[in-house]
Ligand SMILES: Nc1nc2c(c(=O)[nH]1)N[C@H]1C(S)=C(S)[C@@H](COP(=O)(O)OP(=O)(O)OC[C@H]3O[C@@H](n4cnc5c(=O)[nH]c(N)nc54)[C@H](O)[C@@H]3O)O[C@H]1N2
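Here we start with a single chain on its own, the form predicted alone, put down as structure tokens.
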Amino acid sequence: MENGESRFATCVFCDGSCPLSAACDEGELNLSPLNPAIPALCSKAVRWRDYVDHPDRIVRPRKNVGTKRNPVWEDISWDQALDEIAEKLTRVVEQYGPEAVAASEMPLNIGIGGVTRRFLNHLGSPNYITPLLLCMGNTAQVHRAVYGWFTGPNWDAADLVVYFGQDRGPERWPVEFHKLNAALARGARLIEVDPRTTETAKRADERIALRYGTDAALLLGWINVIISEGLYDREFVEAQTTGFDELACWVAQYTPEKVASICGIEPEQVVRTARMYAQAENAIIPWGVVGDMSVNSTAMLQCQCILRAICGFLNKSEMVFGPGIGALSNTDIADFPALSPEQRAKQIGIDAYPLMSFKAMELYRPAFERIGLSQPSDIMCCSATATPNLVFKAMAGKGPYPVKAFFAVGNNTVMSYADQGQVIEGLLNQDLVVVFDHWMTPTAQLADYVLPGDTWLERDFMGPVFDVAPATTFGHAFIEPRGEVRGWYDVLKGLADRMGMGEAFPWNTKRDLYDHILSPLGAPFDEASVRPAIGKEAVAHGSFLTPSGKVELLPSVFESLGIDPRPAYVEHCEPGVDESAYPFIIFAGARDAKSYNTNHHQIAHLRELEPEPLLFINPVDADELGVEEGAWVRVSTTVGSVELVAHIDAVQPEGTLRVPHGWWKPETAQGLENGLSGAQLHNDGLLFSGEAWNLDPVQGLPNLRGGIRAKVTV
């Protein structure tokens, strides 16, 4: 950037996606919030120089000339890397079929959507997975079953905010933190559903300190109270919903007394907070990851959807947009018609857990045809995915067919799913593992090739990378790319050309692709990107892209897939566990403010602020065990164990433990024999099973947050 010049972009050092601007003043580049009214700028973004110029960052392609168990790394050229990857990938396809190729991708981290699905669709593989399946992507599919699209809260209208476990702050989703502050400042009320008295919970008008994992029961109780007391929006229910009468009969069993017994709270609080929600003018239930990782996840999410609808908040404070007309979508770029019905049917998990599979996606086709679109949208890139734990089993040789080539794209796969041991076993059994990343992550340490990716500061950007909101967003590179790093589109283009798939990738550069995406607007990227965003016309705004065209409180999509459409609370049951030997209930996923999932542990300044992975334990429990503050302890479940530093915390409920997500130590020795730089010692994925007993029965996604037994040893 030249002196006096300014640019804008979206920070993806976490998934808060804060809009930032950069100004060059006397040769110094400084970042600031793009909107001064929302001053969101956390410590991770402030340390951007430490990130992009870190001496451990990968800036050249690497090849493992040893073995996966005993790797030996050497730098190679891009041409050599792409030549060899294309050759080995072709060999896998010829020997096992294209379905033997799988990929795990986080589009947010690579700054481009749709292209990986395009590559797989043209190759012939249906086996795409993403960590978003455990985080918002699966929420979107439940919303879709009820409304036909994902909802978004209208913070400007909200007079009541209901949070399930969210603790927003300057370092955790700062944009939403400022929106919450603004809402509370103008008089909005807050209900926080959380066993812990977090900083956000301290601000709440009502804090519901329920038992871990019982959120779905609480919501069923709310629905019962609201219906039985006639607090619902009768006009909207009669005109715009289906299934209400059956729902009313079904939820009658969830009395306040029963729900209170399940949740460990008082019946009066169930009734009081249900009334508080129903009697608001414009309530919102913002997304939170707590709803995405339990055996009752689908029921909890469906209940939230039901509440928004029957209380009349849809398209007032909870917006249902639908697909946008304007620039092409990520779904358009993915080119799903290129994948044949025969190959779609081979998708791993399509029969066992069909809600997020191609089978479910097809059920929305008539609704999209009603609005003149031939292809149902791939909402949050999770509408046509394989089932992660079953993919990893297939990679280990325990599936319906072999999976022998795997791509980890902007995603530390080893540490991003439950049952870390199963993921590692699958990677070790691959003929080809390719990782696209910034670091030698635990996943990269098991790869054959590690390709150096660009950061959000080094790339021009056009988004969003997920099909959810009707808008096109833009950003510009702030700095020149370091070393030989490349963007992910360049990698796929290079592979496609080498594998005879060049016609599927006719754009020579990512900029050419962007111009193609913008072609319906008649404005190339250089012209359109002078502003941060261009709105799209939402062709289904306010309507519902369900099979019936209405809000389906008991979704017909569920019934078509053989899923009971009636939400129910099920007490988690771990087979064969001795509760006296495992006396604690464990809750996974505590996010450290100075890191993001498995990233940023390399940054010295941030690491000094949060040097070790912490176990939160109540003082009473710590005293009984003889655990002292700062002591290293071992936390074990029946599945595995991790080593953590004890933090004695009065906020943590007695009899429960809270463990962090995504901890490894990049400064320690690499390789499987060295514990993958601490991932085999500290990551929460070691503690939780990927077997059917620990999965949501509808989504097939792991339970990390309800009823899992654990113990602590000193």
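Just so it is clear, the model here is predicted, and its values are computed rather than measured. Numbers for residues come from their place in the sequence shown, where the first is 1.
Below: the form predicted together with this ligand, not depicted.
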query	finding
This ligand in the predicted complex: contacting segment from 361-369, 569-577, 388-396, 414-422, heavy atom within 4.5 Å	414-422
Contact flag, Leu355 vs this ligand in the predicted complex, heavy atom cut 4.5 Å	no
Arg344: touches this ligand in the predicted complex, heavy atom cutoff 4.5 angstroms	no
Partner proximity in the predicted complex: His438 to this ligand, non-hydrogen atom cutoff 4.5 Å	yes
Non-hydrogen atom contact Pro547 with this ligand in the predicted complex at 4.5 angstroms	no
In the predicted complex, the one of Phe177, Tyr596, Tyr449, Phe466 near this ligand [non-hydrogen atom within 4.5 angstroms]	Tyr596
Contacting member of Ile306, Val403, Ile110, Ala299, with respect to this ligand in the predicted complex [4.5 Å, heavy atom]	Ile110
All of Asp15, Gln166 and Val193 within 4.5 Å of this ligand in the predicted complex, heavy atom check	yes
Members of 657-683 lying within 4.5 angstroms of this ligand, judged by heavy atom, in the predicted complex	His661
